[in-house]
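Next up is one chain by itself, shown in structure tokens, the form predicted alone.
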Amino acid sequence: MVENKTFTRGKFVGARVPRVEDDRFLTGSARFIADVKVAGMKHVAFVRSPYAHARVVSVDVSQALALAGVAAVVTGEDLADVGRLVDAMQIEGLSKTPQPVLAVDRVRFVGEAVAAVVAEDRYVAEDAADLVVVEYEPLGAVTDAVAGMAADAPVLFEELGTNVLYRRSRAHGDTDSAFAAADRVFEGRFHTNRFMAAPMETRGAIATFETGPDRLHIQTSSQTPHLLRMALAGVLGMPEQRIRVSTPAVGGGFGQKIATSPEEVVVAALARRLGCPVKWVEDRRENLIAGSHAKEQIISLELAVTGEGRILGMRAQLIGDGGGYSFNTSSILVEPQVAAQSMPGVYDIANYDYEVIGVVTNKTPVASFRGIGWTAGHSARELLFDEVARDLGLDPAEFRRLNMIAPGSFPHRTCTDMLYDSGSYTESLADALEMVDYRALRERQRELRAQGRYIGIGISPYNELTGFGTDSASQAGFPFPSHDNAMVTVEPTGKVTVAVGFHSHGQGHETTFAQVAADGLGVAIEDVAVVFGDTSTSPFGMGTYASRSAIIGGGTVSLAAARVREKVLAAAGRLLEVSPEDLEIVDGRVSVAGDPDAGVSFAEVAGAAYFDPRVRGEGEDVYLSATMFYDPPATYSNGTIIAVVEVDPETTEITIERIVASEDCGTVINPMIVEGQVHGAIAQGIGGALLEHLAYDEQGQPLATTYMDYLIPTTMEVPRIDVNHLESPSPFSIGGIKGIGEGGLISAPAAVTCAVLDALAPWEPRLRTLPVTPDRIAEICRQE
């Protein structure tokens, strides 16, 4: 166990502390954007393109404006004073695609907003939107990234002259020699499905503008309030300090609410233009066609192995289908770049070459979604690994163990220059196999197969880059500096306020950060309140995504609590006339170490520090508050997920019997919250493996526009999930914390898919396209 002098593990860190925020969610008292009303508020509806690719010839808003109750109708030309959204990341060789918040001369995907209507209520706004007449000149649509690379393909951005925004190769080790020395070479080209976050609450925003001096307040469902404020300042040309971004309760994000959405900018611009509050909350169809998509990649893999199953080298080509714009976080790269860098995973692969290609197509733009890049890359690799093991006659668990990074090899630098801080790779594999009683399960599989029943076992070990700060981003291939703070304040009554720049949209931050602060200060968790989600009260932070909150947030809170603890002890020392070094804080009481009767309450010390001049040290910062910054080195969590399924080859029905997860996220702050993250991510992984796919036809029309077409897993599809915790604390981070949140969605799609194919092993299946749909199972089972 690694301890850091700034990190205190007392009675709360590591305990199953019930989530303090759940009362308001379970009782319905939490207020989401749809619940918020502002006096004088009007409502916005967007006119969206029915074409995947077309020139906008003209927009006639006269009929819409004439409808009673309509306050305004604006087009892209009306918002010419609003800047275009473009990512600020400077990546060599990456072409930019600045995106107008309302299309001006061309639309590039079905659902792109062309105009916005403001009316007294949403019903009138939608009726008026139907009256806006847009004349389009349809253009050829690119609906396949590979086809979009062809010289004669329609081009989305004429000024670029190509749909390929990025293409770069990397070589690590001596891959050619590795392949020359191999006994066997295996290859496969995988097309992973396009699916999306689908948060329970869709996106939305309410903007209010005041003059004298100008001030903008936008309430939104953003995961990154401070980053949104920066973006709004840039595109609206307003001073940043005049913009306030706040969030009410947010019903899930999973990455879709990281990037600044065009709609948020339009709502803000309309409030400024009209001088009245305006509100927009998207419906589910809008979310499905205009909310960001994710995960689609075309991945070609080659694997060089010995006859005994030892991996000698690997080659990969990763083509990312980025949709209509490289969304304002250089999103065309988030999938293939991360997949390329992380492809070695938990395996010791010294020789590896890859090529990354980013292509724009006439689909909804791709952006972050839980497990960006990893999910697709991990799925392709693990599917190929199962094929290799079957062909070599090896047990799939043994093939993976044979090639894993060995215990005792940490810190381990991969061939792609990622530095794994610590891990329990072979241990977690063994732990998960024990959880399912692997040998007995294989025996049961043989017995059932003889009876005409087909169960399968999918084994999916993973690791995950966590604590996404400057170093983590760099190791993933992105020059993305990070900046996060926490402010801890002991109020005059002795109560504690923790303000963070990390946003909570389901992660349980109010509990987790309170646990860290309570242990750090030696007070009860009930005496700690965590505030977040308001740029006017929280210190600057990059927000919540990529399993970064526990490690960076926990670190900043720990550092700030330690600094405040020093101040409290200094004040108590003067109050008690003893040296601060002789004092301790236990259960909210400051006393001489070993003599709890010789002390005073935490509240008494706080009151004296604020109002008793005798305890103020000359020239000392007497305010019991500290704001601390933390930007940790990269850390890596790991684990193994095993799925057990039964497949009926006659009906193609898949029944998931059980899933087990052995996870290791370093020091566990709250096992219950960790398990919630694992359960939720695995549920999304089941959807990605079996159900979810955003299909398009050849003209670029989306075929999944309701939850009748886009199927997500329910309690009927998600089986019992058993979680076991391993702890290999990071030697690099405060308290050994790593992070949790992505692993289940990185790993579960492969576990479930491999289990299905293992069940169908008698048919020698080769699956190259996800998800695993009934027709694909039927196709496999028709093979002789």
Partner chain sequence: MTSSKELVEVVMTVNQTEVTRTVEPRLTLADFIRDELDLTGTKLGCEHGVCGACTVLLEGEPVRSCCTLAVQAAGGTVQTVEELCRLPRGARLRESFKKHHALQCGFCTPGFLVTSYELLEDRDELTVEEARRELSGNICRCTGYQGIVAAVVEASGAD
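Worth saying up front: this structure is predicted, and the values here are computed from it rather than measured. Positions refer to the first chain, counted from 1.
This next part talks about the form predicted in complex with the partner chain, which is not shown.
Only one of 714-722, 752-760, 736-744, 49-57 lies within 4.5 Å of the partner chain in the model of the complex by heavy atoms, and it is 714-722. Site annotation in the model of the complex: the residue of Ile372, Ala115, Met196, Val359 reaching within 4.5 Å of the partner chain with a heavy atom is Met196. Checked against the partner chain in the model of the complex, the candidates Arg413, Arg449, Arg439, Arg284 yield a single residue with a heavy atom inside 4.5 Å, and that residue is Arg284. The partner chain in the model of the complex comes within 4.5 Å of a heavy atom belonging to Asp127. Though the partner is left out of this view, Tyr707 does reach within 4.5 Å of the partner chain in the model of the complex, counting heavy atoms only. In the model of the complex, the partner chain stays beyond 4.5 Å of every heavy atom belonging to Pro649. Although the partner is absent here, Leu227 is not a contact residue: none of its heavy atoms lies within 4.5 angstroms of the partner chain in the model of the complex.
Shown here without the partner chain, the chain has Val250, Gly251, Gly252, Phe254 in 226-264 lying with a heavy atom within 4.5 Å of that partner in the model of the complex.
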